[in-house]
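In the block that follows, a single chain appears as structure tokens, in the form predicted alone.
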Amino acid sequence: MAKIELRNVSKRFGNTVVLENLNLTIEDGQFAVLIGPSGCGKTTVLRTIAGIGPQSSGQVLMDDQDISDLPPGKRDLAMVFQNYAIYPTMSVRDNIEYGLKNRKVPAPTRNKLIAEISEIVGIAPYLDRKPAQLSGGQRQRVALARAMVKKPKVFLMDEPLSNLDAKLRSQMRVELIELHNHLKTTFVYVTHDQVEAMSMADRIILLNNGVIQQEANPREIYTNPCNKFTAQFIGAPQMNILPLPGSDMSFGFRPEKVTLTEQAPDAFLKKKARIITREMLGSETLYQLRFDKQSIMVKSLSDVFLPGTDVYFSLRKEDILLFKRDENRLYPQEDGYGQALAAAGRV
């Protein structure tokens, strides 16, 4: 296990700045997930930690030791890639053993490690098969096993589940959580899929344009986003954001916080709207509502409202978030909060 720290790390490709003075600490044993839109810099951060794409400036530390100039093979970490990177002409056993042979690990130790790790990841029956004879999930487990036999201090994972179908992705998410709990090793995981981030992470690091927008556990980042970008990136459907009447500010609320009724309710914010679409999602229903040339999404347990009908939607004041002109949150302790909240109630 190891703590990873990036201090004032910058990365440039020619005149393009991908990271600028990035500071990040990933604690020992943590399951940290880097998430953000395409091109935000998350894979660059991972490659910087690995030493594959060294930083242009700044430091990378492992357990407070500067490893900035260490080659990848000396960094005591293992990386699992999106495309698995396993050798098609080798058996599963040979794929797992390959790195151990290069490190001149004795044969008895190699055999013991392979037996132990293959049992953990559930590929013991397939050791003599070739990758072409395996499913996508089994090939992913081979890639994990090959990383695990190195007994690294840190696992780096670059969108390792993106090539799997939805059912396998869900299964592998559970297996990776169990694997992390078993190994107690530091995991740094890159994804664009917020379901993966929310379900797997101890800590989410949300990036945009090479800048950390927010670092928090999944519950905190969902319920208490610190800016408009975080509020709208995390959550599906995304948070509804509406302009605040009479100002250059805005306010937001999660789709599941909205109550729908046929009659006008006694509520802090209430507004008549028309249902435009209805999407049945099993236990939940998504509605698109339109009012005053604006649209919002509502997630409801009720499926009784039909497209084309008028309803009232309402909100409690505690479910409303306020955002300043610079798109950062306006918090209750700040000047102008009460006035802005009252304006939201009059939308």
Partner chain sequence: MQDTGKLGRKVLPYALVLPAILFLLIFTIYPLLDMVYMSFTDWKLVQPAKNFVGLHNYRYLFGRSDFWNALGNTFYYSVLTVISQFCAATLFAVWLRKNTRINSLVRTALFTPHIVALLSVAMVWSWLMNEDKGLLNMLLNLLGLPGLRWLNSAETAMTSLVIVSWWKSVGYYTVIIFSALQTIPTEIYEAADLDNAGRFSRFFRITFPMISPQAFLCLITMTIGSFKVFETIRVMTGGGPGKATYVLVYYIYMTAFQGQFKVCLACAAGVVLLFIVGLLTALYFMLLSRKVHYQ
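Source: prediction; values computed, not measured. Residue numbers count along the first chain shown, from 1. Heads up, when I say rigid core I mean the largest set of C-alphas that superpose within 1.5 Å between the two forms.
Only in words, not in the display: the form predicted together with its partner chain, which the text now covers.
Only one segment in the set 239 to 247, 216 to 224, 102 to 110, 264 to 272 has any non-hydrogen atom within 4.5 angstroms of its partner chain in the predicted complex, and it is 102 to 110. Heavy atoms of residue 85 reach within 4.5 Å of its partner chain in the predicted complex, making it an interface residue. Under a 4.5 angstroms non-hydrogen atom cutoff, its partner chain in the predicted complex has residue 146 among its neighbouring residues. At the 4.5 Å threshold, heavy atoms of residue 89 reach its partner chain in the predicted complex. In the predicted complex, its partner chain stays beyond 4.5 Å of every heavy atom belonging to residue 207. The single contact residue among 179, 79, 172, 200, judged by any heavy atom lying within 4.5 Å of its partner chain in the predicted complex, is 79. The contact residue chosen from 61, 52, 70, 286 relative to its partner chain in the predicted complex is 52, the criterion being a non-hydrogen atom within 4.5 angstroms. The candidate site formed by 47, 98 and 150 is fully in contact with its partner chain in the predicted complex, as each residue has a non-hydrogen atom within 4.5 angstroms of it. Annotation: Cα of residue 247 displaced by less than 2 Å between this form and the one not shown, core superposition. After superposing the rigid core, the C-alpha of residue 232 moves by less than 2 Å between this form and the one not shown. With the core held fixed, residue 217 shows a CA shift below 2 Å between this form and the one not shown.
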